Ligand SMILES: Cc1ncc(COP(=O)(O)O)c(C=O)c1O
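Just one chain follows, in the form predicted alone, and it is written as C-alpha cells.
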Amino acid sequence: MIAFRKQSDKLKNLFKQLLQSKNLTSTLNELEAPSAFLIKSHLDYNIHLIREKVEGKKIRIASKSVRNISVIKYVTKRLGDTCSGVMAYHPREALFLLQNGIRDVLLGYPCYHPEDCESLIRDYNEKVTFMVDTLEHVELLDSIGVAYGKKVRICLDIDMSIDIGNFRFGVFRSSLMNIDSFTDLLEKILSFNSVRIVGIMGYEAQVAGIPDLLYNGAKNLIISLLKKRSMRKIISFRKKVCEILQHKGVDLEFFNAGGTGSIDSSKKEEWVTEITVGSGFYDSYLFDFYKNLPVKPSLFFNLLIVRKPRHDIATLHGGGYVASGAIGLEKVPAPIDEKVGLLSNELAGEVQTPIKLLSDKHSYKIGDRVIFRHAKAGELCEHFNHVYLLDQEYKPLHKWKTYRGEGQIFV
C-alpha cells in the first residue's frame, strides 16, 4: 500500500472540513462520476496570495497548468493590471486563446508548424509573441513576416540549467546555454528585417519544478544545495543578457522568469518584469512539498465506489490520472482522506482503482464518493469535459468547460 506524505495540520483541517461537509457530499452525489470540481473560495485565496507574493512584478498565466478558458478569464480578471497575459504551450492553443479574447499570448515553446505560425502572424501579429532559441525558428518566422509584410514579435529562451560533470540539474530545453551562444544568435537575429525581439524568457525549471521536501532528508538537502548553486548561474546569466541587449540598443517589453515554485527567488531580480504562474492557482498536491508556498488546494476530482471485494477494500470506477514526467509514485493521484490508501500492486487504474480502508471506524460503502487530488495541475483537465465551480457552501455555481470539453486537444 502507498502511504502518501503526512499532511500538514493546515491540510488536515481543510480536508476534514471537506470530508465532513454534508453540502459537499450532497453536491457530489448529484454529479456524474467521476467528476472534477473547483472550490471558488480557495481559488480566490490563491489568486490574492500570489498577487501579493510577486511584490509588484507582473504575472503571466501558464495555460498548460490551467487548461480551462473560463478559469483563465476568471484569473485574468481577478489579477487585473497585475496580469501581463497568458503563456500558451501550442500554436493552435494560442489561436484558440486569442479567438476567445485573451489580449496577449506568449508561446512558451518554439513553434515550427508553418501553417499555424502563418495563421497567428496573419491575424494576430501584435497580440502574440513567438519563442525562439535557434536560427531555424527565426528563419521560419521571418519568412512568414516577409510574406505578410509584418514584423514578427519574438522572445529568446535562455537555458537556466546547470551541468555538473555528466550530471544535468535542470531540463534540456534551450540551445542558448551560455553568453556566447546567446550573443551569436542575437547578432544573427539583428540582421533580419521581419522579426523584432520584444522579450526574454529564462525559466529556472530546476528551481520552480522540483519540490523542496519530496524525498528523504539527504536527498532534500542535496536538492536545496543544487538549487542555491543554480541561482548563482541564473542571476549572473540573466543580468549579463540584459547588459548585452542594452548595449545593442534592444528595448525589451518583458523579461519572463520563474514559475509557481520559484516566485521567491525570481521576484528579487530587478531585470525580471514578469513571473509565470499556473499550478499555484489549482495547487496540485506536488506543491505541498514546496517551502513558503501557503496556497490552498482548489481543484479536486471524485470517484464512485462500485465494489467492496472485502470489508477493508473498496473499488472505485476510473482514476488512472497519472502525471507526466519521470516515473515515480509521487505522480499517482492522492486521496485527501488519510484513512484511505492505494494498493502498491495496482495503484490508480484506467477503469478501476482499489483502495485500502485503513480504519474500521471509518467505512466507505458502495455508492460513496472518494475525493482525490492530481499530482500536477492542468493535466487533470485532459480527463474531464468540464469542471464544476463550487461556492463557499460547496454548491455548484458554474459548469466550466475544459479544453477537452471545448473539443480542443493540442498535444
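Just so you know, these numbers come straight off a predicted model, no measurement behind them. Note that residue numbering begins at 1 and tracks the sequence as displayed.
One more form of this protein, predicted in complex with the named molecule, exists but is not displayed; see below.
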(request) Would you mind picking the one in 85, 333, 278, 145 that has a heavy atom within 4.5 Å of the named molecule in the predicted bound form? (result) 278
(request) Could you work out which of 46, 353, 65, 68 is the residue within 4.5 angstroms of the named molecule in the predicted bound form, going by heavy atoms? (result) 65
(request) Kindly confirm or deny that 109, 203 and 258 each have some heavy atom within 4.5 angstroms of the named molecule in the predicted bound form. (result) yes
(request) Would you please decide whether residue 287 lies within 4.5 angstroms of the named molecule in the predicted bound form, comparing each non-hydrogen atom pair? (result) yes
(message) Just checking whether residue 173 would be counted as a contact of the named molecule in the predicted bound form - the rule being heavy atoms within 4.5 angstroms.
(response) yes
(message) The chain here is shown without the named molecule. Which stretch in 363 to 371, 382 to 390, 57 to 65, 38 to 46 comes within 4.5 angstroms of it in the predicted bound form, by heavy atom distance?
(response) 57 to 65
(message) Where, within 226 to 251, is there a heavy atom within 4.5 Å of the named molecule in the predicted bound form? Residue list please.
(response) none
